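Here's a solo chain for you in structure tokens, the form predicted alone.
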Amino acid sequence: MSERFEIGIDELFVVNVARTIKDKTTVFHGVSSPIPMVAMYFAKLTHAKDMVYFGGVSSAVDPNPPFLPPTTNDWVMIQGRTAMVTVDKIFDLAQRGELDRSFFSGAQIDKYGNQNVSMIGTPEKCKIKFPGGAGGCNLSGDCVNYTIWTTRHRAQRKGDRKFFTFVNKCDFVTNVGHVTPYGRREELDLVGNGPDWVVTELGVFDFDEKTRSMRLRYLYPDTTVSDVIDNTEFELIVHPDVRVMEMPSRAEVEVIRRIDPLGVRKLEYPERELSRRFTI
């Protein structure tokens, strides 16, 4: 009998993000993206060996760093590279329809995959100001597909009030999804196809082909459909064949631990989430 092996939510999350990456594609992550950084490097070493990996704003091509740093723009991310390109060339690549995948998140995410990383409130009455999109608006419109990720799907409670990350409507649309306040992607003549996968600490989602709304596809071993619905403000579509996600192999998890000895993948999680463990 094979030995039981325990993994954390952080490792399973990385694998879920990496599974959205296909081999022989061009892939890019931007600033403040520790989980996509780990997931891209993991994918390059496992199932997507022939992907072209643009490593952050430094834009080193297929970097081979000795370890992954806490910031996605560290100098170490140009070590072992095969080439260097400037970040403006990444935007040119996307505008030509040649950037296959990128990664975006948001303080607010709606059912069509629009994300807000700009402000809570309105321009006239801003309650909270966020850092902004850092080029995400352009790339979300242009790259062929992109993955949305967040470790903050779980709604926050303050007294009797509940504050959602997955909202009915974003206060501000920074990164464009499938249907925006200004029209659908095809009406806006955008180059890219928009988000196709969403990975959170509660589940993995795709988008319904007809409505272009988010759809629950996979659950974690410790989450239920009710958990996801209770933490989502908009009416969520549930796939008729929703199931518990496939667990990674021990060898895959050991790759993650080897390339990320500093635990960069854990930086985005609320402390309570990191106590979640799974046996494979």
Partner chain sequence: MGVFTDRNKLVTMEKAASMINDGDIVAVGGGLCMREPIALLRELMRQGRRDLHLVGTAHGFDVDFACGGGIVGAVQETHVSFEQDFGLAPNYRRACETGQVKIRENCCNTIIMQLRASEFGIPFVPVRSIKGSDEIKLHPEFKPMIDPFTGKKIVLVPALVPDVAIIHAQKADIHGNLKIMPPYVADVLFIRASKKVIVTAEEIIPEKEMIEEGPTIPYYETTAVVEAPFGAHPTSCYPYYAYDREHISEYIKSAGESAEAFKERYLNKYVYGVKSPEEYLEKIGGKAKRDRLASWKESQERWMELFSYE
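None of these values were measured; they are calculated from a predicted model. Residue numbers count along the first chain shown, from 1.
Another form, the form predicted in complex with the partner chain, is not on view; read the next lines as being about it.
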{"property": "Three-residue site Ala134, Pro181 and Glu187 fully in contact with the partner chain in the predicted bound form at 4.5 Å by heavy atom", "result": "yes"}
{"property": "Proximity of Val167 to the partner chain in the predicted bound form, heavy atoms at 4.5 Å", "result": "no"}
{"property": "Contact label in the predicted bound form: Pro248 to the partner chain, heavy atom within 4.5 Å", "result": "no"}
{"property": "is_contact(Ser33, the partner chain) in the predicted bound form, heavy atom dist at most 4.5 Å", "result": "yes"}
{"property": "In the predicted bound form, Met119 touching the partner chain (heavy atom, 4.5 Å)", "result": "yes"}
{"property": "Among the candidates Glu235, Asp230, Asp62, Glu254, the residue which, in the predicted bound form, approaches the partner chain to within 4.5 Å (heavy atoms)", "result": "Asp62"}
{"property": "Among the candidates Phe172, Trp197, Phe103, Tyr112, the residue which, in the predicted bound form, approaches the partner chain to within 4.5 Å (heavy atoms)", "result": "Phe172"}
{"property": "Options 235 to 243, 220 to 228, 33 to 41, 207 to 215; stretch whose heavy atom lies within 4.5 Å of the partner chain in the predicted bound form", "result": "33 to 41"}
{"property": "The partner chain in the predicted bound form - contacting residues of 70 to 98, heavy atom within 4.5 Å", "result": "Pro70, Thr71, Thr72, Asn73, Asp74, Trp75, Val76, Ile78, Gln79, Arg81, Thr82, Ala83, Met84, Val85, Thr86, Val87, Asp88, Lys89, Phe91, Asp92, Leu93, Gln95, Arg96, Glu98"}
